[in-house]
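Below you will find one chain, with nothing else, as structure tokens; this is the form predicted alone, and questions on how it binds or moves follow later.
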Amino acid sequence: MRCVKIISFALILGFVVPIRGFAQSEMEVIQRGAYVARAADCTGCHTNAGEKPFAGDFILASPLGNIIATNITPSKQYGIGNWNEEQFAKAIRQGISPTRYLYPAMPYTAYAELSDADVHALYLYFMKVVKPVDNKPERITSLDFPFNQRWLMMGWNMIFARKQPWEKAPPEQDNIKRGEYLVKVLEHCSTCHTPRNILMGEKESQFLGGGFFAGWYVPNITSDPISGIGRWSNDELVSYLRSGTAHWKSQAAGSMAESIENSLRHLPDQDLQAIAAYLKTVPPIRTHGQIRPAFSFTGAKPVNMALLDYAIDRNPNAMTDKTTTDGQALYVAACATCHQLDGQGTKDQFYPSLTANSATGGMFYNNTVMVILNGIQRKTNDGIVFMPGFGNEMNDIQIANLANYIFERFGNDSLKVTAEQVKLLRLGGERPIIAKIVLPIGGVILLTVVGIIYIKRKRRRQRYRHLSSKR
């Protein structure tokens, strides 16, 4: 019966070949490896939608350009099939593969703390269970100079990749420690929820204090009762981690929705409880200027409901008119069907309320705008949550006015967003200082080098012609 359970667990993951015939002790290690792969969300980055598991080719948007996740199946030609365990460990812990330095889009700064036993289990799982995919990659990472010089990561690693492995993963009985291992190592929460410094390293003094990534605001998840999750119950946190929804608090979108879909919803309840328990112990950090929780804006501002009940003009030309920039009209046309005219959503909160909502009541406009632009789609254990994006249907002025109407009526009415800011979010948000400074300098250096090479070659040709004319 135990062997059947192990095989069933592996098959549920959907990436496996039969494991019958392994020694029982080896099967237990493989089972652990499958769990580590799921908890570490290897699928989320290394599997492209609709493609074979772990075959790579997934685009990871980074502040410095798109990074293409690689094939990590045991393919000997295109994957990691020729790696020994030491090379495997060095890649996931130190960001150094047998052929090159990796970019920290691969969260090796967190995986550095993986225990030896978990690294071994993960290696065994990939080499003996994951199916090899022998397809040539369709695209490769190509960042602008000088970020395409991977050897520069050597210096970055010396500063920011200094963590040491845990001696062993904490047992289930040690709830807080187990939660810490999940948050810091396997789920690598700090890679998104901790702000970055000028060199794109994590600000350790602001651990889990929130930051900005690819246009989104990644929220503060410290124990602070105003800016963080201090006023969330453990059950609300577990519900959010499992389904992406904590009623009257928040809903997951963007990369968090992907983490829930590919990783968190598959973890056992005791793991989610451990994560919630540990987060409540993280030292509080208050977001500057925030005086009330984002979800505390619980009521919609009053409005003349007659103004919301627009008369329907059935003229065909009117039905196709998309030129209005009135935020209220846009809300009625695009949002009210699901979120209701009063913004309270449906009774079961399948379509969530826009009041008591962290996206509309927070200190930043980013997430409301990003959801309007891109929508939401995530798989949960109960089904699929979907909201269409309007980025292709509305221009920047329309989206700004719609967002401002939502803030003014349902959330933090001090929030305002401009069309120019919406345009910036469409492009992935504000570029980090390092990109603003280094890229121009790098371009100047590149042009200078090319110019020097051109001048030297031109002089060499002129010298050759001069010598030839004398012969």
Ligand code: HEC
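Quick caveat, the model's predicted, so the values are computed rather than measured. For every residue, the number given is its place in the sequence shown, counted from 1.
The same protein also has a form predicted together with the ligand, omitted here; what follows describes it.
Asks: Please pick, from Ala55, Ile30, Val422, Ala40, the one residue with any non-hydrogen atom lying within 4.5 angstroms of the ligand in the model of the complex.
Replies: Checked against the cut-off, the match is Ala40.
Asks: Given that the ligand is left out here, which of Ala117, Ala334, Ala300, Ile285 has a heavy atom within 4.5 Å of it in the model of the complex?
Replies: Going through each option in turn, the one that passes is Ala334.
Asks: Every residue in Trp166, Ala169 and His266 with a non-hydrogen atom within 4.5 Å of the ligand in the model of the complex?
Replies: No residue of the spot touches the ligand in the model of the complex.
Asks: According to a 4.5 angstroms non-hydrogen atom cut-off, is Tyr103 in contact with the ligand in the model of the complex?
Replies: Answer yes; at least one heavy atom of Tyr103 falls within 4.5 Å of the ligand in the model of the complex.
Asks: Does at least one non-hydrogen atom of Pro352 fall within 4.5 angstroms of the ligand in the model of the complex?
Replies: Contact with the ligand, yes.
Asks: Gln398 near the ligand in the model of the complex, any heavy atom under 4.5 Å?
Replies: Taking the distances in the model of the complex, the answer for Gln398 is no, it never comes within 4.5 Å of the ligand.
Asks: Give a yes/no on whether Cys338 approaches the ligand to within 4.5 Å in the model of the complex, heavy atoms considered.
Replies: Flag for Cys338 set to yes.
Asks: Work out which of the listed stretches, 127 to 135, 367 to 375, 199 to 207, 170 to 178, brings a heavy atom within 4.5 angstroms of the ligand in the model of the complex.
Replies: Selected stretch: 367 to 375.
Asks: Sequence order please: the residues of 166 to 188 with a heavy atom within 4.5 Å of the ligand in the model of the complex.
Replies: The stretch touches the partner through Glu187, His188.
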